[in-house]
Structures are given as structure tokens and as C-alpha cells.
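Quick heads-up: it's one chain on its own, the form predicted alone, in C-alpha cells.
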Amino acid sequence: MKVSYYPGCTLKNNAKNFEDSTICSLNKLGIQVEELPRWNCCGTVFSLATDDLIHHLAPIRNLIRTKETDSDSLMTLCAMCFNTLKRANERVKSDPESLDKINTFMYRENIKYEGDVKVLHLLELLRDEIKFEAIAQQIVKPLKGLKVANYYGCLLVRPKEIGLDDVENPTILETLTTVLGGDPIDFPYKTECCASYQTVDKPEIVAERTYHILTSAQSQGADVVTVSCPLCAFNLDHRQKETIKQYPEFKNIPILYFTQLLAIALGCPEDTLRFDLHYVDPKPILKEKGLI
């Protein structure tokens, strides 16, 4: 199976641990990953203004690039890219006038977009195309004894119309964790916002959110917390430095992309996990559990 893949900007620098662990994992599962040629930034966030059609040119252009490769679907990893691409796609699919204007704006493109590309998150590919049952048969190093709190954040499940799971109580990551042999830990903050771009000028707000999210996970016995968004990863991992300054009783906890755990379970080499990009080193707990 081949999949057309949209990386987005961050996965080429600060989130190489997300990309490298994903590509290795999919290769182990027999999936050929083909990066979308000539991709551009998705625009980062979906514009909520009804008259801001120009903001949707960037995500739709990436869907045109997908059609140029004769593919009818596009997979992405970053929750923010997924949310932006899928919501822009749903807007033009449901509004012929907007779609016509988008195509008019991009008159230099060889292909007229018709809203016929399916936007997929990696988790949907794993669940619906590859199937969790098939993944279970490929596990070579089960995550036995590792207690995992899966953090969804805002954009994987909101709004309801594009979310990949239940808005209030998603379970797709818990199911995957179980398939990988780990122990999923449920906690009430798993769909709370990490404070997002407040990290730029108000890191103290992020530190407060990080404190409550991570202490909630720790109170349920979590060894690690997984994420699917590079911004969430930064806020929950690197902002632990600010968190411990505001809350001296706070204890660090490793933050991992869910694909890093997938890669470990599938037997990917350690250099694809890129632990050098983490603030809180996950290696001690992973060594303790016999996983690296």
C-alpha cells in the first residue's frame, strides 16, 4: 500500500522525532510513504471568519498537489495540520461558491479542485485502513508494564464534524496503546487545551496548563504522556522548565509522540526515535521497562 503524505513545517525540524518514527513504523507495516511534492504550509490554523476565503488557499493548494500525484487521499500526522486541511476541505465541499472562488484564485493551476481528496490522520490510517488487528500481529517488543496517558488536545476531535473520534471521550489512542502491549491510563484532562500559542508571549499560562494536565496524568499512575501535535509536545515537554519554577512540587514526566511508542513496539532502531529532541529524557523510564 502507498500513502500520500503531507508533513507540514514543524516535522522537518523540531518534530523530526514524530516524522522519523512514523516513517519507520509504516515501513515495518508494509506501507510505502510518498511525501507530497511541492507541498506548502497549511496555514497553521483554520480561519473562523466566513469572509476570509483567502486563508483557505494554502490548504486547498496542498489538496491540488495531491490530485497531481493521482492520489485521492492525503495523510498527515500533525493534529493542527489535520484540522486545518480537513476543515478547509469540508468548507469548499459544502459551499460550491467558495470552491468556485478558490479555483478562480488559483487559475494558474493545471487541475481544477472538486473537493474529491480525502484528508486522513495517521490514526485513521492505522485504525481504518491497516487495522489494529494487523498491527498487533507485527509487534516484536510489547510495551509491557508501561503506563501511558494519551493526550488528544483540541484539534484531533474538534469540531465534531471533522473529529476522528468521540469529542468528549475519545479512545482511539487508548486502543492503540493496548494493541502495542501498554497500559492505557485514562485521565480527565486528555482533551483540554495546552494553551497553544500563548506559549509565545505568555509562557506562564502554558506552565499553568501543563501543570494541571500532567499532574492529572501522574495522579492516575502514568509513566509517560503521548501527544500527536508538535505544539502540544513543546508546551507539555519543553515548558516543564517553566512549570517547575511556578510549581516547585511538580515532578517531570516524559512526553512522547504516540508514533515513538509504535516504533518501539514494531522494532524500529533507536535512532529513528530522536530522543535528542526531548527536554525531559524518556530513556530512563523506557530502559527501566526494558524497551530500549
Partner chain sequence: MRINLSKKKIEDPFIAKVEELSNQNLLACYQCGKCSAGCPAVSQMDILPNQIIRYAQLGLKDDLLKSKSIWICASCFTCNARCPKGINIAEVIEALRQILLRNREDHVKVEKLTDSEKGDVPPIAIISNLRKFTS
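Since we're looking at a predicted model, the values are computed, not measured. Numbering follows the first chain given and starts at 1.
Not pictured, yet referred to below: the form predicted in complex with the partner chain.
**Student:** If you check in the predicted bound form, do 48, 55 and 202 all have a non-hydrogen atom within 4.5 Å of the partner chain?
**Tutor:** Affirmative, all three are within 4.5 Å.
**Student:** So which of 193-201, 106-114, 121-129, 140-148 is the stretch with heavy atoms within 4.5 Å of the partner chain in the predicted bound form?
**Tutor:** Result for this chain: 193-201.
**Student:** Within a 4.5 Å heavy atom cut-off, is residue 77 in contact with the partner chain in the predicted bound form?
**Tutor:** Because no heavy atom of residue 77 falls inside 4.5 Å of the partner chain in the predicted bound form, the answer is no.
**Student:** Might residue 134 be said to contact the partner chain in the predicted bound form, defining contact as any heavy atom within 4.5 Å?
**Tutor:** No, residue 134 sits far enough from the partner chain in the predicted bound form that none of its heavy atoms falls within 4.5 Å.
**Student:** Can you tell me whether residue 158 touches the partner chain? I mean in the predicted bound form, with a 4.5 angstroms heavy atom cut-off.
**Tutor:** Heavy-atom contact with the partner chain at 4.5 Å: present for residue 158.
**Student:** So, residue 244 and the partner chain: in the predicted bound form, are they within 4.5 Å at any heavy atom pair?
**Tutor:** So residue 244 does not count as contacting the partner chain.
**Student:** Going by heavy atom distances of 4.5 angstroms or less, which of 183, 208, 90, 186 would be at the interface with the partner chain in the predicted bound form?
**Tutor:** When the partner chain is considered in the predicted bound form, the option within 4.5 Å is 208.
**Student:** The partner chain isn't shown here, but in the predicted bound form which of 31, 231, 227, 266 has a heavy atom within 4.5 Å of it?
**Tutor:** For this set of options, the contacting one is 231.
**Student:** Using a 4.5 Å cut-off on heavy atoms, which residues of 163-189 contact the partner chain in the predicted bound form?
**Tutor:** Heavy-atom contacts to the partner chain in the predicted bound form: 167, 168.
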